[in-house]
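Shown here is one chain on its own, the form predicted on its own, set out as structure tokens.
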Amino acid sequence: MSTRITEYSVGDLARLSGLTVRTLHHYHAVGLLPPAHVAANGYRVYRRAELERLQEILVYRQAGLPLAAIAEALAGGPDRAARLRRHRQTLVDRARQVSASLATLDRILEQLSGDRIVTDQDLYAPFDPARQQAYEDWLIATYGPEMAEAIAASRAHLATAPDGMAARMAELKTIEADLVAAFTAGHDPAAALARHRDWVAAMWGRDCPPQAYAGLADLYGAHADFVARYEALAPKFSHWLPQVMRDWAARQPG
């Protein structure tokens, strides 16, 4: 039994994509989106492969890439998933830089307006219940129901820990001071990162394998609260820390 191939006219594709027919004609003219074939009457005909290629073009356009750069990206090999993964990482890096810039601006504006300077006590005090709940809600919404189980397990572990949250936060203060010192001096942060990973495992009440530690680095770079907190420790520290965490995790045995 033959499989019917769905074909679309340029008008059909314009309606599907929200682009104008004129734009699709231009994409054809510059070689960005050739149709599957041109019928004898001159009509352009598009199929599934062209629809997927246009989807990728629109992803790049949304990120502000010019057409020449999009053509170069599309020519970067047949592996569409690999291209999109590279583009995703570019967007993640860009978002992290924007978050760091916003946090720096907020810190400067607070100082200019005469607001209270953030103290060590502010940085290392446990979150109040409302803020902690909002933070956990964000984690669950971002990482799914498995995160809810991990949060519940961590909360139960901390409730039975003999030293409690205050001692944990005091230990974190020392670790982060060493990380900031390595950042400002340009020293190897490996020893401090190992202690930080151990601290995370102690907070979780379970092991923190390299992949999980790298995932935590992504969280630190993506969440505005963490970015602002690390910028308060040192300017640009919020960008440096997630990167060295990922680099260090990549070097550890699985």
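Everything numeric here is computed off the predicted structure, so don't read it as measured data. Sequential numbering from 1, following the sequence displayed.
The discussion below concerns the form predicted in complex with the DNA, not included here.
Student: Using a 4.5 Å cut on heavy atoms, which of Arg47, Arg195, Arg61, Arg53 is close to the DNA in the predicted bound form?
Tutor: Contact check passes for Arg61.
Student: Considering Ala212, Ala36, Ala190, Leu67, which brings a non-hydrogen atom within 4.5 Å of the DNA in the predicted bound form?
Tutor: When the DNA is considered in the predicted bound form, the option within 4.5 Å is Leu67.
Student: Quick one: Asp12, Arg22 and Tyr27 and the DNA in the predicted bound form, is every residue within 4.5 Å by at least one heavy atom?
Tutor: Yes, the whole trio is in contact, each within 4.5 Å by some heavy atom.
Student: Heavy atom within 4.5 Å of the DNA in the predicted bound form: which residues of 28-46 qualify?
Tutor: Stretch hits, in order: Asn41, Gly42, Tyr43, Arg44.
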